[in-house]
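So this first bit is one chain, no partners, the form predicted on its own, shown in structure tokens.
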Amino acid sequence: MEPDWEGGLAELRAALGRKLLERPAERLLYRYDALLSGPAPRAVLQAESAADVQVALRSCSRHRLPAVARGGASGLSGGAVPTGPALVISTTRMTRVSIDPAGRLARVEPGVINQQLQELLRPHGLYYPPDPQSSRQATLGGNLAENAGGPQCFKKGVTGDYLLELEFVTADGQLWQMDRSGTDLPGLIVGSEGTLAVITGATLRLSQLPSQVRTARALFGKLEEAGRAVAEIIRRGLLPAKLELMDQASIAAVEQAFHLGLPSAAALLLCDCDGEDPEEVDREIAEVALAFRSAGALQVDLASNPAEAERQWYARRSVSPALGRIKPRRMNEDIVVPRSELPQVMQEIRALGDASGLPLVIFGHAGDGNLHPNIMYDPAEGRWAEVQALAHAIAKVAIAHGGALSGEHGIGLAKRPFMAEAVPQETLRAYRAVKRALDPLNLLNPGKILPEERPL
């Protein structure tokens, strides 16, 4: 049955009034995320409550209208980009927060920005460990939909590790509230990129802010030496809070953009160790420094105070904003590989970039084996096919070394073409069975994650 847009929009107007945007100039603002863009949606719902989402999805179900949930649009895989006529459900007005300091819990709606939650928690001596680099823009609903990580995921875990209860609306407009006991349906919804349900609330587990933090920075003459340093840290049984990588191109981009006095090197690793016992944290950061040196580090510096550590982390957070100086657009890959494979993987990816002639920048959460090779390009140069070919080649490197296509950005549109190679057909059939069970009409974020089904 074809979508009944005339009848569906009339019903949505009557039920939602001013919350429904239909003017072309308004709709155009909802056709993109941080990486890709698509057609303008037919309408946009600025949802203010779970009840609004229920009303919208009931209408969509009755009239066969595709619906795409959207948070802060900081995603890097095209996950919130419409692929055709659709209703975009924006959750950025759903911003209620309730904090239980004694229980170390936060009840949040999906439009709460990650950084805003951190600021609310700080006076209580608490924090929410998942901290994607886009935390100043990314919403918690988007974090949950992508199972976002961030620099602390090496030690502290990813979004799904902090979820206790989830509220969501399924494609038929039914509202569900579930904890994670028994069959863990919330765990299935997390990371499903809005293809199974629209998240409308969550109860999150919080942590105490560590009282002791030490920071070390190491410079390397070869990219693969930085990979060996990560493997050596793992071999020694160390568990830093953060372990981040910048390659030569990302170091140069940040320095040209922000003039931070960064030294020239083929690679840079930045590490935090944290805890409550000063002697224990000092011992761990000293062990990390030894691992850096044993892998061939040219220079290892320990931050002497929090201000110096913040300057070093500011450089790492500045990578993405600085890349626009290289080319106006980028394809941001998000592979994850076993940490023992990092030296070889980084060497192979660097060789692919050099052979392609396209600028390639490598950075990421090295401690978790999560790399972000960014292919820089200018649409005016007409090299999109080459960009896609290089992205495909990088994906093949990850798969060949026992890795996966995505560590935290999701599959979305960008990596969907590679799924048939990366995931066994039996697994894809299981994914499709779950999709049919929860969204039998294929209305929620259609055209994402799963490749076209092959005929039997």
Partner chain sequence: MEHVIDLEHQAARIAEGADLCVQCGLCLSVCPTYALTGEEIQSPRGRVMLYRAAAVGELMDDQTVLKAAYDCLDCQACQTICPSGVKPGELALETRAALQGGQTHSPPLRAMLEAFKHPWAMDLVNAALLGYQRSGLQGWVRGSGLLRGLASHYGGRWADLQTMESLLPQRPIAPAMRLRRPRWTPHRGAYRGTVAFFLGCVMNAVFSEASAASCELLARNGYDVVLLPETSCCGAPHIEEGDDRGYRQLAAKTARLYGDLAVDAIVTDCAACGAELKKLGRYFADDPELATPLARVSALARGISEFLRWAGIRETGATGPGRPTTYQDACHLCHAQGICKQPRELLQDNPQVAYVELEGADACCGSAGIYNLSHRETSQELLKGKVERVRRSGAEVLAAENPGCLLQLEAGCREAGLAVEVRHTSLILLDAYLEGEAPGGA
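Note that this is a predicted model, so its numbers are computed, not measured. Residue numbers count along the first chain shown, from 1.
Only in words, not in the display: the form predicted together with its partner chain, which the text now covers.
- prompt: Taking the shortest heavy atom distance, is residue 137 within 4.5 Å of its partner chain in the predicted complex?
  reply: Residue 137 belongs to the contact set for its partner chain.
- request: Evaluate residue 176 for contact with its partner chain in the predicted complex, applying a 4.5 angstroms cut-off between non-hydrogen atoms, and reply yes or no.
  value: Residue 176 lies outside the contact set for its partner chain.
- prompt: Any of the heavy atoms of residue 61 lying within 4.5 Å of its partner chain in the predicted complex?
  reply: Heavy-atom contact with its partner chain at 4.5 Å: absent for residue 61.
- request: Give a yes or no for residue 92: in the predicted complex, does one of its heavy atoms lie within 4.5 Å of a heavy atom belonging to its partner chain?
  value: Judged by the heavy-atom cut-off of 4.5 Å, residue 92 is in contact with its partner chain in the predicted complex.
- prompt: Just one of 196-204, 322-330, 215-223, 343-351 has heavy atoms within 4.5 Å of its partner chain in the predicted complex; which?
  reply: That would be 322-330.
task: Find the only residue in 257, 105, 188, 239 having a heavy atom within 4.5 Å of its partner chain in the predicted complex.
output: Here the answer is residue option 257.
message: Quick check on this chain: which one of 419, 34, 50, 387 has a heavy atom within 4.5 Å of its partner chain in the predicted complex?
response: Only one listed residue qualifies here, and that residue is 34.
query: Which of the residues spanning 55-85 lie within 4.5 Å of its partner chain in the predicted complex, based on heavy atoms?
result: If the 4.5 Å heavy-atom criterion is applied to its partner chain in the predicted complex, 55-85 yields 70, 72, 73, 74.
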